[in-house]
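We begin with a single chain expressed as structure tokens, specifically the form predicted on its own.
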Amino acid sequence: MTKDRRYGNFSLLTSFGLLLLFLCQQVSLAAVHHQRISGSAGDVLEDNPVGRLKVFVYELPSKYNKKWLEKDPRCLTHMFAAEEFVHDFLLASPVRTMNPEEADWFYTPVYTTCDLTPNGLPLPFKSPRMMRSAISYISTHWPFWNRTEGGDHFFVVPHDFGACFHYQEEKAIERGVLPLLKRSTLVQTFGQNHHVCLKEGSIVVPPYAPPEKMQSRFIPPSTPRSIFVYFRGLFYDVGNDPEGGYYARGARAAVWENFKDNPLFDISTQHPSTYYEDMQRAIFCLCPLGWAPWSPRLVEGVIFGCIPVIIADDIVLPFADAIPWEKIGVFVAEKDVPNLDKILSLISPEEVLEKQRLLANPAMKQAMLFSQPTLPGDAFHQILNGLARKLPHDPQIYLKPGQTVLNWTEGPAGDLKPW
């Protein structure tokens, strides 16, 4: 069981820090009335997309989607599962149209993360060929792709580095976004400014986290938040980064080396059975980058009211046009990790309480979940809101008869082989 870091036990706390901790410990979410989130982000959080757009869902042979689920149902439980659940959601959604001539958007259901290793990790190496094959299929069976070469199409690509289709950043950058997707809108978990794997206009979404599992683990809101900083996960990835400087760009290693003996930091590689409960006993939850900048801890922190401490330079966060991350989280530059204890201790009690009030807003939590069954304002609806806000399409996306822009022979030679 995780040991709590109780405030009163440490004489090394300054009086200011002690006051901060005491106040945070005494405020339970039961006593915090959630408030409406306003501003440039927040005003649109509760928008209803129904009636604002229509989506046509291509019917593809099952080898592109459902066959993979039959082969390995683990695809429905890992953090890349958004592509499967978005497909199911759209099939039953009131925004779906059976008449493609009236569609605003076209969706191609391809499960590119459902080819799993024995350890349950997605293998991205076949994904480019699989996606190219699917695009070839829709472009020869319907006329709509060819009108825009994907300009009014969207694809869900929840790989570590989206449509770059590789789990190692260096190789993902070398590959770049799959050329045939360059005109399409990508719905992806990866988001980082000034990065070749984040195409302009992409919709960044949270990773999948099982709603029922988390919601079944709530503890009484009156439980004191008796842990100052909490983290469970890898600090080093010895198998893939034996020298220790590449994984998480060294940020996780810096957390461990600087704070493994700090009594305010409850950090470990061990993942206890009380993980979700522990997050609800913590004030701050670290959300450092790993191989990619995004992490399920962002979702877990919001759901459990633990202020996310985001350590990932230039990260683009999920639904950033609707969720006011700067108001609910704390951003720490990777180079400043050695000063993390000072940075967090200097946050005023008032600011901590304000972040907790915002995190207590049910709409905030709902936006991070791919709910089953779907609920108003959940992640599915936030995706639709993002698509609706892109309408009407720029007339320039429509090509002249016979005009082509994309190069079907562009890309690594291995990607061009038949799938």
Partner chain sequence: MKKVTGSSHRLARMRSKNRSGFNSEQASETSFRLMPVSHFRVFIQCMFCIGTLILGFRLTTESSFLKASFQNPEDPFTRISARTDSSASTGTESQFDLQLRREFANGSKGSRLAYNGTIVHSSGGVRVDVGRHAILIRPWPHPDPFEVLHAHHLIKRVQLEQRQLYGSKESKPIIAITTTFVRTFQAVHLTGLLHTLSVIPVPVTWIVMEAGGVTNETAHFLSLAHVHRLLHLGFDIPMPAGLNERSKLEAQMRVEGLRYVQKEKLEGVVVFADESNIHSLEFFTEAQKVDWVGAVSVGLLGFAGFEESPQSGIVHVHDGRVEARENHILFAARQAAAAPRFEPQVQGPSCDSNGNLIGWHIFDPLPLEGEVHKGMRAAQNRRLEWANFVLNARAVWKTEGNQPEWIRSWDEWANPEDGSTPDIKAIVRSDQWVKVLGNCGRKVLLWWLRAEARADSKHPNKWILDESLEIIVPAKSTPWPRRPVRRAAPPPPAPAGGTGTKHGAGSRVSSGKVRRPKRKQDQTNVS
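Residue numbers count along the first chain shown, from 1. If you're wondering where the values come from, they're calculated on a predicted model, not measured in any experiment.
The following text describes the form predicted in complex with its partner chain, which does not appear among the structures shown.
Considering its partner chain in the predicted complex, the lone stretch of 146 to 154, 100 to 108, 194 to 202, 316 to 324 in range is 194 to 202 [heavy atom distance within 4.5 Å]. Contact annotation: residue 54 falls outside 4.5 Å of its partner chain in the predicted complex, judged by heavy atom distances.
Its partner chain is not shown here, but in the predicted complex it comes within 4.5 Å of a heavy atom of residue 122. Proximity of residue 250 to its partner chain in the predicted complex: non-hydrogen atoms within 4.5 Å are present.
Interface residue remark: residue 228 is counted as part of the site for its partner chain in the predicted complex, having a heavy atom within 4.5 Å. A heavy atom within 4.5 Å of its partner chain in the predicted complex is found for exactly one of 304, 284, 208, 89: 284.
Interface residue among 214, 267, 264, 95 relative to its partner chain in the predicted complex, by the heavy atom within 4.5 Å criterion: 264. The three marked residues, 275, 300 and 372, fail to reach its partner chain in the predicted complex, with no heavy atom of any inside 4.5 Å. Shown without its partner, the chain has 221, 222, 223, 224, 225, 226, 228, 236, 239, 240, 242, 243, 244, 245, 246, 249, 250 in segment 221 to 251 as residues with a non-hydrogen atom within 4.5 angstroms of its partner chain in the predicted complex.
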